[in-house]
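Quick heads-up: it's one chain on its own, the form predicted alone, in structure tokens.
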């Protein structure tokens, strides 16, 4: 291993500009003549719009224009789309209601976009928005996920019962048969609480139009700028694709919420031509709470069947998934194909049947949030496995071990074929690091101090590297999920890598450069990574689903193979040798069996000089591109163990220990991977203990600020003990599985399993706030008091 190659804990190259305040985010860009947009948002969760009077607003100082949905419709600007078609179990397509960028005739959630004011300053735009007179006919709202289909309220005309789809996966008959012969059946009811993503950088958009070239430019906080350009051009109709440039510069966190195409960026780029000025919008935190796509929000009933030997033989799951007021870009895929295929977890379960009802409510749209479907599936299976072990009187670790998959490849009853893994190895290492054998002694010590101590397990698995294209296409995806790369070698031997992946905190400028340094034998500071600009990178699918390493880096690896292959041709000409005798090792091209060789940089220079090339058999230059479409998903897996101590007098739960043992395949940079694990756990702990978006019965978001929505802080988290096991992934050339979402997937069930273990009963839901835990602790005491 070289000092900067694969496996080295290289410090992140990009942090120099981030920690010194030199990062360039969308809000840092300002264009000549720039104007400012402010969106008037609905104060009602559900209302018909009788009329909108913008005349007074247009006359306000500094106002350049006021637009409503009618103006977009007049220009034939289409609505926002959902790019993944789901069919119900009866074969009918999902019921997708219209999603205009500015409301047309009706608003469907608090924060829905009613109009936009464009003015010389943001303050003037805000003042003018207050002068817009909207005559609303307020309608009843539906916000309860479980009651959405039973409500008299109808969110969209196309869906009379507010059902988007009734979807299923698995074999019902085989699962029913398994339950019929079961020795024991465990049942559980779960709520996966709604979350607000809250990346540190709010969303922003800056649209610009050049009348001389008829070209548009959009600066936007996007995890996938190429997909944004495709949707804005081909589906929404803002501009022809070749006339639209989308730039996503530094992005300060995304967690899924910046994958989607939103109304604000659509309106800003469209309005720039209308007002003949660049138009800028930056969200404030209140807008982010109301209008960023939320995550999770499932209501689930699940049952697990076991035989007389404690082997799991069947699983039934019924989930109601709240999709909010509109279908967001990928929302339909999250509770279906990103959820149910992971319900087997790490376990050899022969029969699984899952039904999912996707529903509309008068709430913000719900879409992918860190893990996207995988955390929801893991919460179901790991809470159910834990409860089953308790009901059977078995040690939860050994019950898991008994039911682990041990032979690979393994085809689950719900589509997936796991390619490799060693789940028992991760469990063994986690038990050792967590000092599991001495847990009872620590529990007794807590009891002597009047505290409750519990331990919880989470044996998670996830499907990452969201691909291959043929597979996702057969499941309803409207795009392929390959990735692209181009490696440009300069005459001096320095290298530029153009990647269709994007970075919003993952450290790609370092890890991608490590791969290049490792393969080409050049210093890492001679490698630059270019991403996030559709005029520089031809096309790419962006970053989400832990796909950047497994798919994005694999594309780079393929392009590097081509660079090395051409380098051998160049070296053969220069060294006057047969190409078959040229080998490349440690950054040098040499003739096998001799001491004659050229450094990589020397060969790069000769490729551009081209003096030694005879005829037309070798073109000058050294630049190669590649597209990579993987053959399978990747399957990171691991075991997290959470140990909590609860004060029953206050309900405060303190996480005393956290052990995480993960199998991410080949590790490029262990320091960055460990950081990703830490961040994911923090978000998972946030969901389990602190975070929860709550709407009242009128559809008002009552957790619409950090005063009411509690984010995890350093004091809420312990020092994490992180370990790794490695089974290389066979479905990509680098053996990478992905790491970015693991902590957020594993953490919630580990925390709740620990809390329920401490309490001695299962009756607590996320977020397990001190108030909720205190009430649950009093319930646990009631039988004791009765005695």
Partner chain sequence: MYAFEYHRPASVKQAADLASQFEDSKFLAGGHTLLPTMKLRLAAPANLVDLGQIAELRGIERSGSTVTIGAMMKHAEVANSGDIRSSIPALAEMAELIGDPHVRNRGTIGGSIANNDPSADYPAACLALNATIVTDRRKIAADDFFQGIFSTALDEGELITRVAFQTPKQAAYAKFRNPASRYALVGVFVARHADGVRVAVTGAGSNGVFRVPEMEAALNLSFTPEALDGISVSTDAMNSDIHADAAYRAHLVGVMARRAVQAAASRS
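On a predicted model such as this, the values are computed, not experimentally measured, just so you know. Numbering follows the first chain given and starts at 1.
One more form of this protein should be noted, the form predicted together with the partner chain, which is absent from this view; the next part is about it.
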Inset, instruction - Report the residue, out of 577, 666, 710, 275, that has at least one non-hydrogen atom within 4.5 angstroms of the partner chain in the predicted complex. - result: 710
Inset, instruction - Using heavy atoms only and a 4.5 Å cut-off, determine which of 702, 392, 234, 177 is in contact with the partner chain in the predicted complex. - result: 702
Inset, instruction - Answer yes if any heavy atom of residue 126 is within 4.5 Å of a heavy atom of the partner chain in the predicted complex; otherwise answer no. - result: yes
Inset, instruction - State yes or no: in the predicted complex, is some non-hydrogen atom of residue 431 no more than 4.5 angstroms from a non-hydrogen atom of the partner chain? - result: no
Inset, instruction - Considering only heavy atoms, tell me if residue 130 and the partner chain come within 4.5 Å of each other in the predicted complex. - result: yes
Inset, instruction - Evaluate residue 706 for contact with the partner chain in the predicted complex, applying a 4.5 angstroms cut-off between non-hydrogen atoms, and reply yes or no. - result: yes
Inset, instruction - Kindly confirm or deny that 170, 172 and 355 each have some heavy atom within 4.5 angstroms of the partner chain in the predicted complex. - result: no
Inset, instruction - Choose from 216-224, 402-410, 646-654, 374-382 the stretch whose residues reach within 4.5 Å of the partner chain in the predicted complex, heavy atoms counted. - result: 646-654
Inset, instruction - Would you mind checking 327-356 for residues with a heavy atom within 4.5 Å of the partner chain in the predicted complex? - result: none
